[in-house]
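In the block that follows, a single chain appears as structure tokens, in the form predicted on its own.
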Amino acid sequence: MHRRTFLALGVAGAALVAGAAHAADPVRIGFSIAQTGLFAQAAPSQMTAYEMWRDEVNAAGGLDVGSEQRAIEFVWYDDESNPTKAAQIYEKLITDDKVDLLLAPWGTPTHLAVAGTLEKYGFPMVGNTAASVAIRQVAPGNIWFPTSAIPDKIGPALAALARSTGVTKAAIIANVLPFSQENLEYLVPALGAEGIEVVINESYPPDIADMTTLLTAIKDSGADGVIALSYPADSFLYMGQAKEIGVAAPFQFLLVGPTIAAFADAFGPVADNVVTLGHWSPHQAAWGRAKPFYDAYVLSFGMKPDYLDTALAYMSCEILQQAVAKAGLDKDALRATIASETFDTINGPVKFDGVENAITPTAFLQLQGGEMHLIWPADVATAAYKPR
């Protein structure tokens, strides 16, 4: 995976664009990133979005802060995929580094760990790669979550999608990590409500290296729908071993992973018609910023963006940029602006109700001929569902 400056120093500053507009001090924006540890495979999809946004803004003259444009400079550290360490880093960014703004770390547990630090110092931050019903327990006012992929909404929507495709018997395997288990909690009753029989319901460890036994049981179960509540590494493992074993269910869903460009590159036609979680696609013409973002990303990095994490990370930057243009760097003004305004993003309009995105629907993508298309719900779909 192309990482460009991802493996550079922990403090990565953009070169200043020549001209008087950059005479002012740069706006210093801090964050932590999972450069190492369990989530390191997923984090580059977030980092590339941050880099692209920074470079675009700087090339255009800088971030609009009141009456002047100022260059963006990043201050970031590796949180080692450790939520406790991330919370310590954000405290350092606020108190020692004295950054002007914050971007989000990767993952739900890390967002939740950082939320307490934001509340302690009254420092607003737009999140991105986090989704859990637990976000509703976070004190509102200093953190917001642009995703619509919340498990208590995913379960009923996924069950309805599966039923619409003709699924009658579902086999579920789930990573024991929190996001997968939270989805499992809401999915099982939702499938029952749709009249879908759950014939297998098994969980597995996050470091699983062999799914042969699980997938053989699925093949022998007669399930016409397979739902793997997986993270990126186990999604790759599933796809490779499901082909070897001959899992042939017409409906196959992987929770997190297929939106990463490397997934389609690794499996090609083998991965065609796999369904996954995601609410953004460049093929949705109603979102005028979607296709230009996609084209610019491919030009910059030589690969497609992650349709889930990269899109969410870039959306958070768009929201922050528009809020700063209106409110400047004053924390109280920023907080009020983010909480009340509607923002134009690559995923269409976003407005927050408390900590949650109140506009973007829970949605699903399908990999069709190497392209990610929205297939659910109908009002944002860019293609019809295809069985495997």
Partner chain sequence: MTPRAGIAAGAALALAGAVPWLVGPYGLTIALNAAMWVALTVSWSILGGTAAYISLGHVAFYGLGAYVVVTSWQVLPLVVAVPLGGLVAGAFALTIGWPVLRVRGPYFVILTLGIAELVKYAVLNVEAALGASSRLLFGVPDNRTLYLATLGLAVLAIIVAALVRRSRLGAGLVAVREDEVTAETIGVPIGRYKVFAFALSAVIPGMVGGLMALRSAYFEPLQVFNPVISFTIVTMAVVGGAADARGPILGALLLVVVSELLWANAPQGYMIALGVLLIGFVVFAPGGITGALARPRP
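Small disclaimer: the values here were computed from a predicted structure and weren't measured. Numbering follows the first chain given and starts at 1.
There is another form of the same protein, the form predicted in complex with the partner chain; it is not shown, and what comes next is about it.
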With the cut-off set at 4.5 Å between non-hydrogen atoms, does Glu182 touch the partner chain in the predicted bound form? yes
Wondering, does Ser81 line up within 4.5 Å of the partner chain in the predicted bound form on heavy atoms? yes
Ile89, heavy atom within 4.5 angstroms of the partner chain in the predicted bound form: yes
So in the predicted bound form, does Phe343 come within 4.5 Å of the partner chain, heavy atom to heavy atom? no
Which residue, Lys304, Lys85, Lys219, His283, is the contact with the partner chain in the predicted bound form, using a 4.5 Å heavy atom cutoff? Lys85
Single option in Val57, Val65, Leu38, Ala339 placed near the partner chain in the predicted bound form, where near means a heavy atom within 4.5 Å: Leu38
To test your reading of this chain, name the stretch in 90-98, 159-167, 312-320, 296-304 whose heavy atoms come within 4.5 Å of the partner chain in the predicted bound form. 90-98
Sequence order please: the residues of 204-234 with a heavy atom within 4.5 Å of the partner chain in the predicted bound form. Pro206, Asp207
